[in-house]
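Shown here is one chain on its own, the form predicted alone, set out as structure tokens.
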Amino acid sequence: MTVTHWPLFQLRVRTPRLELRLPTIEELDALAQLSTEGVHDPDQMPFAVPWTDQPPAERARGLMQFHWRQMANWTPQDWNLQLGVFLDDHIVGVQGIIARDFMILREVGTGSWLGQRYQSQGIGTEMRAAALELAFSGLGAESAVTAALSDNTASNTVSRKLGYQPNGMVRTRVRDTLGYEQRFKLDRDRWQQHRTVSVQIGGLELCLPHFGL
């Protein structure tokens, strides 16, 4: 089915193993179910916003509402693209690309999560590389930023592998304790030096006005 008035549903970002795109409602439901099966060790909290502490049913419902809210609130000046990550036609996680005033600042932020059973397989690196290719090659970004708690080894390893450089540390609340969030920044030159994943982008042209381009 072709969606005429929301061309973002036609956007495709492909790597050797993955396809990133907006999920259908059935696929979003499958993603919500995946979140109930676990995203991390329950004794640890890798996210500054502890959304995985919610009971499974509330977590699943909240996840679906979050994805709908991003589309409902989308403007060319303030957008949040939450792409489903598909491996062998199964949704395995989410890769987000976020920006405000992108047409002026030319900077994006990223955030992501993977179902626990799909972790430690290199998928996190591949899906972030796909997001960066969309941002830099597809949209003409000049920089990308991200952040993760200082003890989130997996996320911080991906950032360093893809060429990000540390960009400061901030104090943050993690559950009911003090934590530290490591910030990273990647500019266009370093991204070009660290491109190792083949990425193909399709369906972008009609989407450009939605990104303020």
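Here the structure is a predicted model, which means the values were calculated and not measured. Don't overthink the numbering: it's just position in the shown sequence, from 1.
Just so it is clear, the following notes concern the form predicted together with a small molecule, a form of the same protein that is not shown.
Though the partner is left out of this view, Met127 does reach within 4.5 Å of the small molecule in the predicted complex, counting heavy atoms only. Put simply, Arg188 is far from the small molecule in the predicted complex: not one heavy atom of it is within 4.5 Å. At a distance threshold of 4.5 angstroms between non-hydrogen atoms, Ala148 is in contact with the small molecule in the predicted complex. Using a 4.5 angstroms limit between non-hydrogen atoms, Arg59 is distant from the small molecule in the predicted complex. Look at 171-179, 62-70, 22-30, 152-160: in the predicted complex, residues with non-hydrogen atoms within 4.5 angstroms of the small molecule sit in 152-160. Although the partner is absent from the chain shown here, none of Phe136, Ser143 and Phe211 has a heavy atom within 4.5 Å of the small molecule in the predicted complex. A heavy atom within 4.5 Å of the small molecule in the predicted complex is found for one listed residue only; from Leu81, Ile91, Leu114, Ala131, this is Leu114.
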